[in-house]
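Encoded as C-alpha cells, the following chain is the form predicted on its own, with no partner shown.
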C-alpha cells in the first residue's frame, strides 16, 4: 500500500476517533490532492461520530457548522474539519440543503458530493475507498459529477463554476455528460450570490489556464454580470499571475468586446472591494487609451493616476514594452509627480500665489519638468513661477 504524506496531527485526530469506536476517514479534496501528488491545503475528515460526540474527544474545537455536522478540531500541528456522515434533502435555494440527515454509512456520505474526484475517502494507512470511479477519472483527467449531473447542479449551481475551476487548475476536461448538463443548467447560475461567483472567477483567473473563463462566459454562467457573447482570453496565461493584473486584463478585454459597460460596474457587481475596483478601473483605463510609447507619456500617466495603477497596467498589458518603459522612467530618478518637484506650495505662497493659483502653478511646473527634466531645480522653478506662468499675483 502506497504511503502518503499525511500530517501527524491529522493521523492523531483519526486515531482518537477510531479509538473511541467511530469510523473516521480523510475525505474529499485532500484525498484527490494526495493521489495527484499535491500537498493538500485543508484537511477534511468524515466520521460516524455525531457532532455531540466529536467535541468531547478533543481539547480545542470550534462548532464551525454544527447544524450541518461540522466541528473544527484545533491542534498545535494545524486544524481539520471533522464532519458527521450525512445525506442531504432537496435544495430549495440552489445552495443549502433543506435538511441534513446524519447517517452511519460512508457510501451515503460520499454519494452527496459534487464530482467523483472529490468523492473518495482514505484510511490512515493510505487505503483509498472509491465507490464512484474517482481514481479512474483522476487518471483520465476528467471532471465528472457523482450520479446525475442535472441533479448535482440543481442542488448547488456553483458546482458548474467549480467544474470549470477544476478543469483550469488541474488541466482536466469536463466529462461529456457533465458538460451537457452544465450547459442545460447554466441559467441556474443567475441565483448565485455575487461573492460565491467572484471567488470561483478569481480561482480560475489565477490558474494555469485562465482562458477557461471563455467557457464560463460562452455557457452563460456569468450572465448576471455581463452581456452574452464570446471573447478570446488566450493572452491571460502569459501575464504575471497576480490577481489584479489578470483582473485588469480581463476587464479590458471584456469592455473591448462590449460584454461589460465598464470595469467599475462589472467589479462592483461581483462585490470586489472598493480599493480593488478603484485600482483596476484606473489601470484598465490606461490599457483602453493605449499604454504610452514614450517616457514622457509614461510620466504623464504616473502624474495623473499614480504609480500603483500604472505598474498594474504595465503588468496587464500584452507585451513587454510597457514594463520596460515604466522601469526606465522609475530608475531614471526624473520627476513625474508634484511631490518630486524641487519646489512646493509654501514656496509659491511666499511669492504671492494663493488658493487655486498654487495648484495651477504646480501642475504647470510639473508639465514643464516632464518636457525638460533638467529644469527641476528650485531657482529655475521659482523664476518660472514669477516670470513665465502669467499668473496674476494678489
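What you see is a predicted model; the values in this text were computed from it and never measured. Numbering follows the first chain given and starts at 1.
There is also a form predicted in complex with adenosine-5'-triphosphate (ATP); it is not shown, and the following applies to it.
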Choose from 112-120, 301-309, 279-287, 226-234 the stretch whose residues reach within 4.5 Å of adenosine-5'-triphosphate (ATP) in the predicted bound form, heavy atoms counted. 112-120
For the three residues 41, 44 and 162, which mark the spot I'm curious about, does each lie within 4.5 Å of adenosine-5'-triphosphate (ATP) in the predicted bound form through at least one heavy atom? yes
The single option of 33, 53, 334, 347 touching adenosine-5'-triphosphate (ATP) in the predicted bound form, heavy atom within 4.5 Å: 33
Contact assignment for adenosine-5'-triphosphate (ATP) in the predicted bound form, among 211, 156, 175, 255, heavy atom within 4.5 Å: 156
With a cut-off of 4.5 Å between heavy atoms, is residue 166 one of the residues that contacts adenosine-5'-triphosphate (ATP) in the predicted bound form? yes
I'd like to know whether residue 87 contacts adenosine-5'-triphosphate (ATP) in the predicted bound form, with contact meaning heavy atoms within 4.5 angstroms. no
Does residue 196 reach adenosine-5'-triphosphate (ATP) in the predicted bound form if we count a contact as any heavy atom within 4.5 Å? yes
Those residues of 360-378 which, in the predicted bound form, come within 4.5 Å of adenosine-5'-triphosphate (ATP) by heavy atom: none
